[in-house]
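What follows is a pair of forms of the same protein chain, given separately as structure tokens and numbered structure 1 and structure 2.
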Structure 1
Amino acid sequence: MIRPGGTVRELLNQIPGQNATVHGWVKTRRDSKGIHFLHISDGSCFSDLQVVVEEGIVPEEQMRSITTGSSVRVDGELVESPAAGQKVEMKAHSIHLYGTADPVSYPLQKKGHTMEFLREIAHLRPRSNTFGSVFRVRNALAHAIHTFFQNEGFLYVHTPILTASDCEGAGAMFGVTTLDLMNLPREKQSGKIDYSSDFFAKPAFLTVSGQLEAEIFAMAFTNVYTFGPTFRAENSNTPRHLAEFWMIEPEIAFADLKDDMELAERFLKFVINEVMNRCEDDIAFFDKRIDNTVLSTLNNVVSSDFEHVTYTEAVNILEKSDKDWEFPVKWGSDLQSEHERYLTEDVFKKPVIVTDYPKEIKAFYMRANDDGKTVRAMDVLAPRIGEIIGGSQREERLDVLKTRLAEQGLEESAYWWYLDLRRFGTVPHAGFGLGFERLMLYLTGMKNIRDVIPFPRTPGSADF
């Protein structure tokens, strides 16, 4: 049953003089001269609703139990608020107490908490101001992503979580098995694990990407996208890495790298603008309390025409700079965050799309250029964060794709169906990948990727 009454967001926009009901949790409580002031939050917006409880309205025994963290229903009248910043407050007529919260042991009292401490109480941190804003933005961003692709006529594809193929060829994958790990069956001759009695009768893993499967559907539906969880078994304890994260991966058929770049630019501008409009108070909070460049850099992305440079041109710019790089710049090495931010923040002062990377540092599926040295890859770089999107035109030529697999030591047999797409009606096609949490970092200015996902999965940590 949907609860009666309005959300805090709705009530704050009502006209004074109406009776109303609000449900939520007590954020703070203040007492003055027999009058109790409660700030009620239900998560619907950044602001709380102030509830004024006059003396005698609620029995004092019950009132003593209504402390920070307790859950309540308040029936009362919306009256004009004398406080600056909000139009109305509620004058309580009655309060129903659903659940108490011991003021001694409740962790979220009105004081500052470190992000590290809040990660330890991930079951309660959504009630804090910072994480309330984080997860409202996360919700709005997910909605904006689907809205963009649906408006553009894309088909949403659910790609598999369990897979036998490694899209990136990197090997950092989580294995999935039903075999007894204490008594693994072995092949008699080689001593290798015998997977014939395993559930899938072959090695299986959690997916690192839905791209290859999305290409299957692009070969039938033209424009498709995936949006789902992906997994990397990298033992990386950094503020930029998670073992479980979400990826957005569109694929477009009858398209080249130019089409891919145009799609990426439209996509970024749309979703950022949508979130800024829908979560204005939350973004303002991040700009004020987390990173005072959030608003300026987001507006820069939305309003700029993205710059285009080749990898070779970018390396030349970096080599001619007078910067003392932590990671030396040379043709053939991958660009690091310091290089990417220099290009976007110091040189061009706006987002930059870098194209045509050396083939040795890119994946097997990227289309080879005629120079024999580079592939039709692109990275979208943004001020404040560096790389935010990676994509490419895909290799649609069967013979070239086979050569690329061999060069990277990958077995053709594992990609038989992927090669079939090049045998039966192959077309030029392209796509890109965007880490959902990476974009969340950009929108919020949060410094650690563990703080933009509800329950972070990192080395040694799988709580909640």
Structure 2
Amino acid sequence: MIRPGGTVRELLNQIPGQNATVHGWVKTRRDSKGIHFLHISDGSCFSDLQVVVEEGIVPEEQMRSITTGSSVRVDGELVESPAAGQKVEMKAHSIHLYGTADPVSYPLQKKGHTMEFLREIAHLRPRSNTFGSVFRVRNALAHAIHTFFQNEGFLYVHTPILTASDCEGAGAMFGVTTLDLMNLPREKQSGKIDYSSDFFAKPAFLTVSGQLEAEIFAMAFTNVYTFGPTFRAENSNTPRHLAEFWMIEPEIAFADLKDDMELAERFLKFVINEVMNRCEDDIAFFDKRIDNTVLSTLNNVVSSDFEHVTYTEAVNILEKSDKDWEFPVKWGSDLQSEHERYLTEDVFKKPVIVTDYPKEIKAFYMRANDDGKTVRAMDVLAPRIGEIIGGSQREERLDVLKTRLAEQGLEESAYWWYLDLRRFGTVPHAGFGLGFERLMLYLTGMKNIRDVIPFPRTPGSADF
């Protein structure tokens, strides 16, 4: 315990009849017949602690300043609560007011603010019910992820955030430079920017994925994972895309796509189950107030087997449907969100793993199938969200990998160390990337990915 008195969570589990101290912020205040009722929150759990201030206990002068948003310490006695739903409340003996919150200008007064408005006050929204629950779930999910991999003996590796290599080869990277943008050095002959005097003496970027470095570690530690921030400069203004998001990337050696899919399913079920147990009140709140399918969907995921289809089978299903697609379905084009949702929500009604995508729409590192057209890719699609995991078996054969790099117009020299892994003790291996915030959307039923990360970064927006 870091301060005397205990958290609201601890106090709510105490036996009535003892003195205690609570520190927190006043969420609501109600006055009735000279008695004041304060709801105190310290973020430790979904419930507030009700504090009853009887007439004459605290000078009226001081009581006037204790309004929604103000910060207090209350010393008092825990007593049995007549209110439904909670065992104890506190009868105040004295209140110390740390900071007031002017009721006229404090923006979190009323209930029923829109998510858009709350996003504009991201410095205060963690104090609201919804965002209290969101960030407790986020914390529990991060912990569950580490627990899963640590229990299974995976090594946690910190992959770099600043990098010179483009993992996805998709050109959606944020450049990082210390060059003077008003006065860029140029190569004499070509007129191109001369990076030799830049900080890293070559073009550098924020990473889009830790996978390539995770593969290095899997070739020494067998089973590893990264869990860190990744960055994508895609100009996609959608409820599912962030410019800065967190990704979990396990990489397993001596393993194929089947092992990879099995790991993904077991992993998702474990972490969802953990969060449902640890954050019961928060999940119940989401189910009641945000999306009434949250609980049933999560229970369904935990208890049912994921569906498996190949990309080609998926395209056949989509072509046969009588849906009016915004993006036409054609073998060779990537599945769009509307297609992914149709497969999971209308056809299979559960998570679906789609495998063996056309090689043209997937990254260079995915293992080539014998048909010459497809690769050992797998995407896990979830109802409501679409793609939450992207992964593959990796190309472990040096000659095939070189051909794939050439086909995608990528320089072998930039990937020399990645190719070395295929020269020295190569083994079949596989891995995947889970978008942390996509899974958060799933767990909470929140509609916009900007509302499941503390401080969202999206095109045109990097406040706080």
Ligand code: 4AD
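Everything quoted here is computed from the prediction, not taken from an experiment. Reference numbering: structure 1, starting with residue 1. So that the term is clear: the rigid core is the largest set of C-alpha atoms that superpose within 1.5 Å between two forms.
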(request) Mind telling me which structure is the form predicted in complex with the named molecule? (result) 2
(message) So, superposing on the core, is the move of Arg341 at the CA at least 2 angstroms between the two structures?
(response) yes
(message) If I superpose the two forms on their rigid core, does the C-alpha of Pro239 end up displaced by 2 Å or more between the two structures?
(response) no
(request) Look at Ser321 and decide if its Cα position differs by 2 Å or more between the two structures after superposing on the rigid core. (result) yes
